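Take a look at this single chain, the form predicted alone, given in structure tokens.
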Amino acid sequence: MAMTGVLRPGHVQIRVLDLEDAVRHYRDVLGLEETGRDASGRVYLKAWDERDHNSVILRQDDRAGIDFMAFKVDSDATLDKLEADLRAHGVTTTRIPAGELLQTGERVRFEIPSGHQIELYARKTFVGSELGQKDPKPYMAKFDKGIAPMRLDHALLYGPNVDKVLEIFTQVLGFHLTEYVTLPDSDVKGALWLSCSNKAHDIAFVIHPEPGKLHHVSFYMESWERVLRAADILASNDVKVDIGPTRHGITRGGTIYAWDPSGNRFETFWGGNSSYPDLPPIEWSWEGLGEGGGLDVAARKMHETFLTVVT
């Protein structure tokens, strides 16, 4: 498929309660590379196979959660067009100047009906990978530091009005719905998986009474074996695990969910099915989410913490 318009998830800014404790977790346990710090005290990180300057920004605050999630678009012209399209749809946008985030160009920020701040941007400094751009090596031992995911993959966000969120992402931003869950005894779509690529999903939403909540930020692993290795590393570092290792029925991805020191949930994710805009979305019932193995193929049950614990 032609990759135009919105290309991929670009960065997330996560609120943490103790900055240095969080840096140790994301850098030393998760295995991200620290790429900079700015005058406001924010810390920037990237995964080993990411080529842009940053994908994770940590900011100290008195409450955990997510400040915003951003998507990279293919050009300045697309950024301008999508901003105009958002405004025509009734969405208020704000331009944030280049350089407000390290090595990042001008951004368009807007609030969606679930209460989350979403950003679009076209430019970020290309720093490359240590594998190199010409005749790259397949592997370097330093990439085994910590869990060592390849990239930021997606986020799951909790909030109200997910039907209106679906409109914005599909009708304005060009995403397609890949899978959804209907609420009990209803045809209401209470959980959505959305893609701007041919991945299983690039962002997901679940209906929730409180706006602007983070369920998890997900990092992509090279293989199921690397997910299992991650389980050993989490155990060795006394990191509290929520679910896994297991596999989802939804997306068919292998997974572990765990919590950072501030209580923000993160995921190590592998696999997942392919999606294309011409394919109809897969429907899951509420029963299928639990007993049908949509959430946890191995246990075939709902997990209370998964449904209720957010930041």
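From 1 onward, residues are counted along the sequence shown. Everything quoted here is computed from the prediction, not taken from an experiment.
Another form exists, predicted in complex with a small molecule; not displayed. Remarks below refer to it.
The listed set Phe68, Tyr44, Trp48, Tyr257 contains one residue whose heavy atoms approach the small molecule in the model of the complex to within 4.5 Å, identified as Tyr257. Heavy atoms within 4.5 Å of the small molecule in the model of the complex are found in one stretch of 119-127, 154-162, 221-229, 79-87, which is 154-162. When contacts are defined as a non-hydrogen atom within 4.5 Å, all of Ile250, Leu289 and Leu295 contact the small molecule in the model of the complex. Interface membership of Trp193, defined by any non-hydrogen atom within 4.5 Å of the small molecule in the model of the complex, is confirmed.
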